[in-house]
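One chain follows as structure tokens, the form predicted on its own.
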């Protein structure tokens, strides 16, 4: 090969490498722009909720997307006192915490059996729980109301705890069973050789290892229990047992709505859900990245 041909070949190679590098930079730039727009679209509703909570009713309509001219901090104190959010907040905490504990206990035990043991009708049992994910919640309101009236548990915490746990179980079992099935059986066998019993293996080995999956279930179950409106509206009529979604409706009647107080109450009610997500997001991310690099 002559020197001229060698120079042309090197030149083409340099141009090709430069072109690939430029395309990669454009691709990375467009990807980050897309992520930035997606992040703004995701966060903006929460930002709009918070700034609107400081506005008066008139300013809410005159400047719906602008910052408040006067920041009305008293909206939060008025919302808290007017709708008796203290009582509603405690009711929501009790109902959500008990239904979450019940869901984690039952889903953990059921998932452990389904993931680690072989028995007849195992596939049908798993299918039974998976089908539960397809049942529309609102289609069960009337039969559940009749059932709870016969059981005399209407207007009690159990009228909300039982349905919340029951409807959270299919998703929880699905997630936990899939995660537990990926844990090597050698870990259990080593524990049995060291003298650990079945319950010890479950509580001291399997549950700690399953923390990422349990965190995911915790976030999903808590969000559903905390934000539910339909079950609380139908099953609870006692004002002392109303949960947060019901207490927020006190600012709206058939003639007018106080949007400032409503949005202030919604801002206060959304804070625990953000706190729960921040507490468990690290474990959820660990579970996702562990699955991504496996194999």
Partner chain sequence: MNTLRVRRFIALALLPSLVLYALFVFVPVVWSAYYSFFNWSGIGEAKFHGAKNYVELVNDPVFWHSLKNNVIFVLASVLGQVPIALVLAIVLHKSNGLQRFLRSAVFMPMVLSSVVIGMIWQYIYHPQIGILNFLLDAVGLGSWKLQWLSDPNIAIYALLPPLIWNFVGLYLIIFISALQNIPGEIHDAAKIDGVSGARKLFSVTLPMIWGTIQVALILCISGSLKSFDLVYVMTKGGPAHATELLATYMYNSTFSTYRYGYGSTISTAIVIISLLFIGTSQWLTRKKAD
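Treat the numbers as computed from the prediction; the structure is a model and nothing was measured. We call the rigid core the largest set of C-alpha positions that still match within 1.5 Å between the two forms. Positions refer to the first chain, counted from 1.
Quick note: we don't show the form predicted together with the partner chain, though the next part is all about it.
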(message) Given the stretches 192-200, 75-83, 176-184, 208-216, which is the single one in contact with the partner chain in the predicted bound form, using a heavy atom cutoff of 4.5 Å?
(response) 192-200
(message) Whether residue 128 contacts the partner chain in the predicted bound form should be assessed with a 4.5 Å heavy atom distance threshold; does it?
(response) yes
(message) Check residue 22 for me: does it contact the partner chain in the predicted bound form (non-hydrogen atoms, 4.5 angstroms)?
(response) no
(message) Can you tell me whether residue 110 touches the partner chain? I mean in the predicted bound form, with a 4.5 angstroms heavy atom cut-off.
(response) yes
(message) Is residue 263 near the partner chain? Define near as a heavy atom within 4.5 Å, in the predicted bound form.
(response) yes
(request) Decide yes or no: are 89, 104 and 279 jointly within 4.5 Å of the partner chain in the predicted bound form, with each residue judged by its heavy atoms? (result) no
(message) If you apply a 4.5 angstroms heavy atom cut-off, which residues in 163-182 are near the partner chain in the predicted bound form?
(response) 163, 165, 166, 167, 169, 170
(message) With both forms fitted on the core, check whether the Cα of residue 227 differs by 2 Å or more between the shown form and the other one.
(response) no
(message) Using a rigid core superposition, assess whether residue 242 undergoes a CA shift of 2 Å or more between the shown form and the other one.
(response) no
